[in-house]
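Single chain ahead, written as structure tokens, the form predicted on its own.
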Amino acid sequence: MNRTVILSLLAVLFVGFLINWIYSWEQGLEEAYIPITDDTELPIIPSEKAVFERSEHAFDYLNMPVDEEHQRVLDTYYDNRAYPGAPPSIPHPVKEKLGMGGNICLQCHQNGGFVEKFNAYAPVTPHPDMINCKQCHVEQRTQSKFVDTEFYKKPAPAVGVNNALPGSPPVIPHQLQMRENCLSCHAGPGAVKELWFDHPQRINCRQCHVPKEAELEHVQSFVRYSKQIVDE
């Protein structure tokens, strides 16, 4: 009786081991691929989610020939901003002064492309969901310089020298707010020449590139007092 029980137990264990081994072997044959899904039940981190929003264009950018005659350069990139990190101004006339978002701006800046009228590639916006474009972006009113002030214009981040170690992936030298979509600035024909990278198909950028610690000075905590405390 004891021998039968022991043999039955060994048989069950062997069958369980065999089933588990076959299942593991079949799972090992599958590709290590995580599909991008719009499942709203999954937790969403905005700064992570936006990285994948232009992933469908990654291989198009990878196989796209470089147009040497119409490349954007870093000097022009920063000249179009009051300071590094500021919203770029609109360097061309806007036909419809009251038009914004999908009616005007996103026609060129949502997916980019060559604009014959301006003989240039339209930069791709990293935040096409924010359609009130003129809330932050304004037209250039003059080509002359303003009078000198004591305003401190922080220098732009250095390019190519922000690696933690020699040969390691460079860190992200700017904040991610409004810039979460990496492919908008770093890939495609509208990308800046000095900021362009050669592996847009690796769309999980922040797996290797991490934000540099922000330098905050003279920042205090904002406390919102309740109405009851104010009244007292």
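Whichever C-alpha set is largest while still superposing within 1.5 Å between the two forms counts as the rigid core. Residue numbers here begin at 1 and follow the sequence given. Since the structure is predicted, the reported quantities are computational estimates derived from the model, not experimental observations.
Although not depicted, the form predicted in complex with ligand HEC is the subject of the following passage.
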Indicate whether ligand HEC has at least one heavy atom within 4.5 Å of a heavy atom of residue 208 in the predicted bound form.
yes
Even though the partner isn't displayed, in the predicted bound form is residue 141 close enough to ligand HEC, meaning a heavy atom within 4.5 Å?
no
Taking 4.5 angstroms as the cut-off for heavy atoms, does residue 174 touch ligand HEC in the predicted bound form?
yes
Does residue 89 reach ligand HEC in the predicted bound form if we count a contact as any heavy atom within 4.5 Å?
yes
Are all three of 56, 63 and 164 close to ligand HEC in the predicted bound form, meaning a heavy atom of each within 4.5 Å?
no
Listed by sequence position, which residues of 162-188 have a non-hydrogen atom within 4.5 angstroms of ligand HEC in the predicted bound form?
162, 163, 167, 168, 169, 170, 171, 172, 173, 174, 176, 178, 179, 181, 182, 183, 184, 185, 186
Comparing between the shown form and the other one on the rigid core, is the C-alpha shift at residue 166 2 Å or larger?
yes
